[in-house]
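One chain is shown next in structure tokens, namely the form predicted on its own.
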């Protein structure tokens, strides 16, 4: 019998567990650890609340979770409740599937002013992550600046622009819905250092902007390259650029019918933020592309900015004793191998790139490497205690472990508490989750 511990219950974690089942069959026991009492990671707290079809992938993970040789071990924080070295003593392999939950710094003056947030914070706030439930963004100003040209930036712009009715069917948490519905923001500026051909926005998400009830996308025709240059783009990006061209071609009087403007500001790099305790303005520098890179021109303009949300990427949180690549913001690894018996997968391995589905081949590949290491004898001959050993350790420390059965009680309580038309009302603090279990 082989015992595998997976740290993180998001897509990378559950795809890895599924791969372990398919490779080892009944000869494996997998424990999936999470610091929260609830599973699914960014499926729960990262995917936009109005994208319920995407969140439906959790049903696949539940199928894996309900099998006898996979167990969810929630409410256990690595580094606080148990150390990586202790898990290595108990399990044949430990796989870090912790994702990249920390925002990258902007690295400009003023980024620590009030009402400046990273997307992990802001998205976590409206998605009910316990760590960010008390964020309290101020939406009483008129202009929000969203820095970034990827799907997360689109999600944030869309959340800031929707009407109350447009949130029907979503699982946005009530505290965020109330604030968003009282918002005074009428201008959302999407800021990108490069041009339309370099965006990371997919056509589906970009196209949603055209169907918002009270907001219209604005694109300056002068920012668009010649149509002939689109032929060199891969098909998905070409569709996205075509949507930008459609936005630019929309007559001004049509756009003016909607009270919120979502403006695409290309070739514009954030230079500095200003304000008295709370952000009020942003300096942006005009850029040009040189060999695909954005280079500042020295031409700086100042814009109002009552709210700033940075969507420029994420970093993995370091773990004491685990080699870390500071520059890349992920664990130092060789195709997922960190050291004998210790592995990483998903964003913790490759950095924050790809889609949810990208984690599936990652998970299967890391199990193949674990199997190779077993065959080569680098992981020993088995015989480790695995979950029995962890349970004994948890008992001696008085750890309050939340199982998958416990999670189902939390889920049922959230579904009962849902407002009309919503699938659930998430608990936003851990104590409330534990009370639902008990």
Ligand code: NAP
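Numbering follows the first chain given and starts at 1. Computed from a predicted structure; not experimentally measured.
Not pictured, yet referred to below: the form predicted in complex with the ligand.
Contact between residue 314 and the ligand in the model of the complex is found at the 4.5 Å heavy atom cutoff. Mapping the unseen interface onto this chain, residue 193 counts among the residues with a heavy atom inside 4.5 Å of the ligand in the model of the complex. Within this chain, residue 395 is remote from the site of the ligand in the model of the complex, having no heavy atom within 4.5 Å.
The ligand in the model of the complex is approached by residue 149, whose closest heavy atom lies within 4.5 angstroms of it. Candidate site formed by 18, 25 and 365: none of these residues places a non-hydrogen atom within 4.5 angstroms of the ligand in the model of the complex. Though the ligand is absent from this view, in the model of the complex it lies within 4.5 Å of a heavy atom of just one residue from 200, 212, 265, 303, which is 200. Checked against the ligand in the model of the complex, the residues 182, 142, 83, 353 give one hit for a heavy atom within 4.5 Å, which is 353. With the partner omitted here, the stretch from 387 to 395, 26 to 34, 366 to 374, 51 to 59 that lies within 4.5 Å of the ligand by heavy atoms in the model of the complex is 51 to 59. Residue 270 is the only one in 268 to 285 with at least one heavy atom within 4.5 Å of the ligand in the model of the complex.
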